[in-house]
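This document opens with one chain alone, in structure tokens, the form predicted on its own.
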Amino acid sequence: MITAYEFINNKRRGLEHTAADIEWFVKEYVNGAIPDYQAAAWLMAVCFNGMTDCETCTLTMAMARSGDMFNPSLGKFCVDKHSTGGVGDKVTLFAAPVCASCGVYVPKMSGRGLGHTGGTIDKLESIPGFKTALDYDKFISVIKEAGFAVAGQTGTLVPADKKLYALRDATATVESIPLICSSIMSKKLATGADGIVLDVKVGSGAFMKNEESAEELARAMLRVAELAGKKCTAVLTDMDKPLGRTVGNSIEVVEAIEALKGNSPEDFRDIAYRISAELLGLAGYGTPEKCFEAVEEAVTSGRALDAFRKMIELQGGDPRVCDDYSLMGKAKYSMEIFAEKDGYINGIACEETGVCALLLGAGRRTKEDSIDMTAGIKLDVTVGDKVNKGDRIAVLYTSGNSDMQEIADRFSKAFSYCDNSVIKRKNVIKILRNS
């Protein structure tokens, strides 16, 4: 039997762990037999020496099995998506009802936002009465009736990741591709989806700041999915600017509903339609072209919006919000932001936008913080737009006691200008598949 000391020392020396040793480590750490200081030493060794594909896959599966393994048993192919996190990312609110309206089940367990990135669960809870805490039977019944359900992750799902992620955050060991990969994929494998689409964000507002590191992470996750017998696609998408025109909670729900009605800004349309089409493709819907056509038809026919209404109703929410946005409440205070000069918008600092939304009350700094569902930022412009000095470029919203002027002054600096037209980055950068 290996000891924790030997386990750490093996990785420190750059040796490859056996599957049995990794499984032992995860089990003993979750049970409390291995203390945090030894686990932290191992995490640091992984950061320096990495892990092989087999090690990463074994770690992922051991983490997934550390708690409840969710098995929907819905009788048909189920798909799921995961975003690596960004600003203004409400793609799930579009993609899930689109797929459901095309006859593909989407059992979706989502997280809350923390820091400058938003969470799908927080957004949906801005709908009056909407419940994200569902027991297993309710979760399944919603999926069978609406085609999809969105619920919060249970406390017994992947406890190894909860412990290891908190430790990584405290010991500066977050930035390791094998550890990021196992954290993400353990949750996806534990929730039982047959096919997974990974929306890997790239840019200043994302965890992966450049295309090279994003592709490295994407390929690692694809390899783990393949070894676990899952169909998987990774879509690298732009997060060098906020996605769409809203950052917040209720205002992002409104933008998602508008997209389901066929009204969406170009960047959101490109990414949301492509993610949806890739999900349908994994479910065997046909060629990429046919899947994209199916997404467009689901929107134009109104079926996708109907699926969203149905899901809201079944999860206790008021489906009238799809037609009357005022039911989600209105911010008490607002402040307009104006262009400081003539020219073209050369950039909108993405992470800074998320931080300003957080300061307005739309996000949380700790998991215990409460959220102002009406707070957020609406953008009137995006990168590449031409403006004149004094044009309105954004509006800030809050119902709390935030210092609006201070935040406005800070957010104004998130915009950069240039004299010549701007070459825009591609919204969908690259698509990688494991099958």
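Keep in mind the model is a prediction, meaning the values are calculated, not measured. Don't overthink the numbering: it's just position in the shown sequence, from 1.
There is also a form predicted in complex with a small molecule; it is not shown, and the following applies to it.
**Q** Looking at the partner-bound form in the predicted bound form, is Thr84 within 4.5 Å of the small molecule by any heavy atom?
**A** Yes, contact at 4.5 Å.
**Q** My question is simply whether Ile121 lines the interface with the small molecule in the predicted bound form - judged by any non-hydrogen atom within 4.5 Å.
**A** So Ile121 does not count as contacting the small molecule.
**Q** Does the 4.5 Å heavy atom contact test between Phe207 and the small molecule in the predicted bound form come out positive?
**A** Flag for Phe207 set to yes.
**Q** Does the small molecule get within 4.5 angstroms of any non-hydrogen atom of Cys322 in the predicted bound form?
**A** No, Cys322 stays farther than 4.5 Å from the small molecule in the predicted bound form.
**Q** Just one stretch in 324-332, 304-312, 184-192, 227-235 has heavy atoms within 4.5 Å of the small molecule in the predicted bound form, so which one is it?
**A** Flagged stretch: 184-192.
**Q** Within 4.5 Å of the small molecule in the predicted bound form, heavy atoms considered, which of Arg112, Arg245, Arg168, Arg274?
**A** Of the listed residues, the single hit is Arg168.
**Q** Counting non-hydrogen atoms within 4.5 angstroms of the small molecule in the predicted bound form, say which of Ile180, Ile348, Ile337, Ala298 makes the cut.
**A** Contact residue from the list: Ile180.
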